[in-house]
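Single chain ahead, written as structure tokens, the form predicted alone.
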């Protein structure tokens, strides 16, 4: 099987890495890939959707996997399906679940999926009135795609009003913020749940927990994610059952009833409040960095999961996961998330420790290959050091051992990934 992966981040690298060890897979292409994906397959410089479809037809590509949200919202799946090509991901219509927070919240309300009390508005007066009815902190969200940065948790009514005003004026997130969602803040613990769907059937992956804040103890600004771990021991069978019955099944049924059956990854942002799962948001692709921890936990061939989902055949798939834990630590560039950093050469010490070699690896993200053939840190989140183990502590320790082997000027990372699970242990 030949496979094309759309995207350039750590998520796409980790999917490619899982497929690299899959005996069903012959060749992997990346569009555009990053400076390290050329070690897993071939990078393409094609970005136009029709030109990519031409490449797929001409080169016998059996499956295309779309990593990021932007091409999904822009309709790459529609282009490929119109030409009879097998592609993993939702149509543009179905991708509204992420492309528009207003669409998503109204969909949840229509299908009685539990979510926070909210309004959607383009009116500053209506926004202010609703803000006054809520207790602080208050959540303010831009409607459109903002690269994971369009959600602000305001600590006071004044801050919520200021944020709403900046979004609605277009000053904060441009067009993406000229309609907003304001909702009550939910106090509980957050988790990321991923259901791989084929329109009717689905496979739920082990629940993960992301660390959004830049600094230890969940301080500092929000980021795209500074690390994650899976599975999360806080989640029991009862919570999985409630998610099945109250969230995933009604969502897939509702999407089908509304003429946009959902195929791809349904990423469910969940807040568990007093044992009850409440939905914060939907995304329509794997989270990054959660994907980097979930892929190595997959025991079954990755090609089976993606191909059977893309072809509506998940009911005949037997998908298994290793009985292990994975912890991923993001190493970011010096000025992340405030501004771009100067390119910095990445030096990785030779690893002599057999246990580390076998139970830890790097998923590369914001990296480029220099003319000298060396790898350089050129993005915000540069790479993820992933450790596996029979316990979260063992996986965490291995991830941080690997962090110690990686060097580039200005590197930064959190030192407390998975702290919540270790406190509970």
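Here the structure is a predicted model, which is why all the values come from computation and not from measurement. Positions refer to the first chain, counted from 1.
Not pictured, yet referred to below: the form predicted together with a small molecule.
Asks: Would 361, 388 and 394 all count as contacting the small molecule in the model of the complex, using a 4.5 Å heavy atom cut-off?
Replies: No, none of 361, 388 and 394 comes within 4.5 Å of the small molecule in the model of the complex.
Asks: With the small molecule left out of view, choose which of 351, 153, 347, 109 has a non-hydrogen atom within 4.5 angstroms of it in the model of the complex.
Replies: Contact check passes for 153.
Asks: Considering 280, 168, 214, 272, which brings a non-hydrogen atom within 4.5 Å of the small molecule in the model of the complex?
Replies: The residue from 280, 168, 214, 272 that makes the contact is 280.
Asks: Please determine, with the chain shown alone, which of 133-141, 157-165, 89-97, 314-322 has non-hydrogen atoms within 4.5 Å of the small molecule in the model of the complex.
Replies: Going through the listed ranges, the match is 133-141.
Asks: Under a 4.5 Å heavy atom criterion, is residue 184 part of the interface with the small molecule in the model of the complex?
Replies: Yes, residue 184 is a contact residue.
Asks: Decide whether residue 190 counts as a contact residue for the small molecule in the model of the complex under a heavy atom distance cut-off of 4.5 Å.
Replies: Flag for residue 190 set to yes.
Asks: Could you tell me if residue 297 has a non-hydrogen atom within 4.5 Å of the small molecule in the model of the complex?
Replies: Residue 297 lies outside the contact set for the small molecule.
Asks: When the contact criterion is heavy atoms within 4.5 Å, does residue 73 count as touching the small molecule in the model of the complex?
Replies: Residue 73: no, not in contact with the small molecule in the model of the complex.
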